[in-house]
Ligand code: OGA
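The chain below stands alone and is given in C-alpha cells; this is the form predicted on its own.
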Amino acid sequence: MIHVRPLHPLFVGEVAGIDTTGDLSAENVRAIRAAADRYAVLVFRNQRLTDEQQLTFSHSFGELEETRGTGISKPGEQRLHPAFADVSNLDKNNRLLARDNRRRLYSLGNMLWHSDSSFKPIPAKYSILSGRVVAPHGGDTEFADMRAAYDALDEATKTECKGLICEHSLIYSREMLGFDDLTEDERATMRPVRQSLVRTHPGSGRKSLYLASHIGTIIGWPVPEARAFIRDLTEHATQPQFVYAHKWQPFDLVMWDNRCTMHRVRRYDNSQARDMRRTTVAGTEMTAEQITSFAATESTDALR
C-alpha cells in the first residue's frame, strides 16, 4: 500500500511504500494514477533504477514516446535508448558537453517554462524523470500547478480563454533564446501544432491552463497581442504560490502530469556532470483539430 505525503499546499506528493524497480501490481498502478490525479507531481525517493527498470515502470502507465525525429540529434549521437529523453549534459561517451555544443545550446530551452511534447499533435501524458547523477549546486526543477492557476483567474479572463487555440512549436521556444541554427529538415519536423488553451483533466475533472514557451500565436489573433496575452497568463501561472521547486537528491524519481502542470530546470554548474533520464508516457488524444501540412509549413515560415 502506498502512502503520499504532501510537499506543497496545492499539489506535489512524496510517495512511500513502493519499490519502482520491481513489477507493479495492478493495485499499485491504480493507486499511483489516483495520486497523480490528486497531486499532479509525485516524488519517489531513492529509486535506484536501471534503464530497463525505468522503461518497465513507465510502460505500466501507457505507451511511451520515442525521441527520434523530435530534436536535433543525429543518428549515432544518442547516448540512451530512443524511449529516453536525455536531458543530461553528457555526450554518447559520457563526457561533458562543451559550452558551445549545439545539443547543449538547444537543450537550454528546458530552462523555459513548458509542458513536455506540447509541440506534438497528441501531447504527452506523464513524464518520469530519474536523477542518476544530480548537480551539486543548482539544477532544481520547478513545477507550476496549472489547475490552481486557472482557478485563480477572474471570470472575465476565464471567459476570454474559453475556446482559444494556440500554436506550439519548438522553433519558437528555441528562437526565444536566440537559437536559430536549424536546418530545413529540422524545421520540417518542428511544424506548429494546435493545442487548446484550456483543458479539462479526465481524471480529476478540473480545468487547467495549457501553456508553454512553445506557443507562438493564438489562432485568429494578431501575433503581438497573442504573445502579450500568453506572457501575462504565464506570469500569472508561475507566481510563487503556484510553484514547487524540487531539489534533487541522488536517485530521486519524479513523475508529473503534463496535462495540468508546467515545469522548467534552473541553472547549474555545467562543469559538473548531471545525468537525468526521462521517459514519457504518450497521450491518447488531441486537444484541438490539427491544420493541414501546407498550412503548417506556412506557419513555420512565419516564425522564422
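When you see a residue number, it is the position in the sequence shown, counting from 1. Computed from a prediction, not measured in an experiment: that's the story for all the values here.
If you look for the form predicted in complex with the named molecule, you will not find it shown, but the lines that follow are about it.
Of the listed positions (204, 110, 157, 189), a single one reaches within 4.5 angstroms of the named molecule by any non-hydrogen atom in the predicted complex, namely 110.
Residue-level contacts in the predicted complex: of 124, 230, 129, 72, one residue has a heavy atom within 4.5 Å of the named molecule, and it is 129. Annotated contact segment (heavy atom within 4.5 Å of the named molecule in the predicted complex): 257 to 265, selected among 257 to 265, 27 to 35, 56 to 64, 233 to 241. Under a 4.5 angstroms non-hydrogen atom cutoff, the named molecule in the predicted complex lacks residue 169 among its neighbouring residues. Contact between residue 199 and the named molecule in the predicted complex is not found at the 4.5 Å heavy atom cutoff. None of the heavy atoms of residue 182 is located within 4.5 Å of the named molecule in the predicted complex. When the named molecule is considered in the predicted complex, residue 217 lies well away from it, no heavy atom lying within 4.5 Å. Taken together, 87, 141 and 278 are fully in contact with the named molecule in the predicted complex: each brings a heavy atom within 4.5 Å. In the predicted complex, the named molecule lies within 4.5 angstroms of at least one heavy atom of each of the following residues of 114 to 136: 114, 116, 129, in sequence order.
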